[in-house]
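Taking the form predicted alone, here's one chain by itself in structure tokens.
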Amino acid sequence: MKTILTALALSLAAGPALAPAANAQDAPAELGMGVFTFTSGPAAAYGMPGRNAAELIIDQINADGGIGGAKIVPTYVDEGQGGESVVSEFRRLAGDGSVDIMVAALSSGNCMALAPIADQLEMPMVTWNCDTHQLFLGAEHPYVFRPNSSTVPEFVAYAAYVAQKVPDAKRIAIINPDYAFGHDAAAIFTAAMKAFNPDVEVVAELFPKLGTPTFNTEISRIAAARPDIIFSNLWGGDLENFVRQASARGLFRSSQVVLALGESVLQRVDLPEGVIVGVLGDGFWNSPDAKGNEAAQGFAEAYHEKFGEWPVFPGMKMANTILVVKQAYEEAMEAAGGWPTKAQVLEALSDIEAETLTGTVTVREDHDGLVDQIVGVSTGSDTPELADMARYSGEAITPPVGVDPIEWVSTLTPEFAAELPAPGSYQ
């Protein structure tokens, strides 16, 4: 495993790891990058922070000399146009020669559709979200890399946190979006909760459609079920609407609520104190690790100045992913002694450990990433802060290579959860 120990802060402050002049004659003037995210429709609430972060981090990289002297030229693709159009755009960009690498995508469905296309067109694709554990399940994608986490470590982390934070919880209600991300999360969280506490039972399981404006029916059913725990991976506008409506109906007072994507709405809704909120990875700009990273704090300040709010974790995931791409090119340049070939870039991506703005990411031999998970509770503050945080090692809660993820979750035990970091241990 290659390890790049140069801190990102130093990299951004001092420019590319390689002196541009050494390879300037070999490097192209521009490096085309396709960036896929939602910039329209309800999912834009999650996708636009990614779009904004891509714009900002690319500007910062280009201001520091680009990648080996090549300026990143992004082409943004709106995933809101629908899956077939997204695939068509991917094919067009890969075919017209304007793009050298793709950073795609937000939607797990689009990721599943694009991965075989990337292999077919021999176009490197680095995913910035693509949470579904199914991406590499039973399929190898030689041109696809995920330097981010996936649904299994993400939702095992929430179950582990609940097992220590609310050890007597027995009754669980779930309200998730009605598509693969919601159903997968419900299955993984339930399996992990039962592994950590065999006495738990699911007393309500609801899957409203994306874009649901009112959750009154679902809130009534959940309240009637009298759960100890309410778990949800609603996101974007759906999460904001649910929080406002459930808070008004007293749901946050009667049950311990777990919001898997809660950090993304801390600045938009009044979240009561004590709600368990997640980050889907380590991409929290206000975490202890990020606070100690000069580049992360500089990025957050610049984001706040440019866009009027602090970056939420989707934005940090996007910035981190583009920085992984930058490091992969620099590693490949160092190995090649000049501007790398596509094969050399692929080789660098397939075995990389990178320091990001919020932690360390490792890409395994199956091209899947190991990223830590941060979970905490809301503070009721007007600023995006978390209390009682735990940081779970990505390696500890990610299934080994080649092991069926869901079967692996079923092998976990209460002792496994008890040995993980306790709430409040990440300071």
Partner chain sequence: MDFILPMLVDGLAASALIFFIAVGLTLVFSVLRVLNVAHGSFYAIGAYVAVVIGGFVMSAGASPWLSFPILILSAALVAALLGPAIERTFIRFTYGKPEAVQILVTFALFLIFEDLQKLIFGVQAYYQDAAVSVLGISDIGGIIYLNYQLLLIALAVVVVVALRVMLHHTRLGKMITAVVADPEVSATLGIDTRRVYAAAFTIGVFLAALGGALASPNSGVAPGLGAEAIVLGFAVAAIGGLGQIEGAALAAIIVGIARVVAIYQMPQLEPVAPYLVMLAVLLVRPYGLFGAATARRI
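Residue numbers count along the first chain shown, from 1. Fair warning: this is a prediction, and the values are worked out from it, not measured in the lab.
Only in words, not in the display: the form predicted in complex with the partner chain, which the text now covers.
Heavy atoms within 4.5 Å of the partner chain in the predicted bound form belong, among the stretches 144-152, 200-208, 324-332, 157-165, to residues of 200-208. In the predicted bound form, the partner chain lies farther than 4.5 Å from every heavy atom of G138. Shown alone here, P74 lies farther than 4.5 Å from the partner chain in the predicted bound form, counting heavy atoms only. Contact between G65 and the partner chain in the predicted bound form is not found at the 4.5 Å heavy atom cutoff. Interface residue remark: S98 is not counted as part of the site for the partner chain in the predicted bound form, having no heavy atom within 4.5 Å.
Distance criterion of 4.5 Å from any heavy atom to the partner chain in the predicted bound form singles out N241 from the list N241, Q344, T190, N286. Contact with the partner chain in the predicted bound form, judged by any heavy atom within 4.5 Å, is made by just one of G237, P124, G274, G182: G237.
Contacts to the partner chain in the predicted bound form (heavy atom within 4.5 Å) from stretch 168-185: D178 only.
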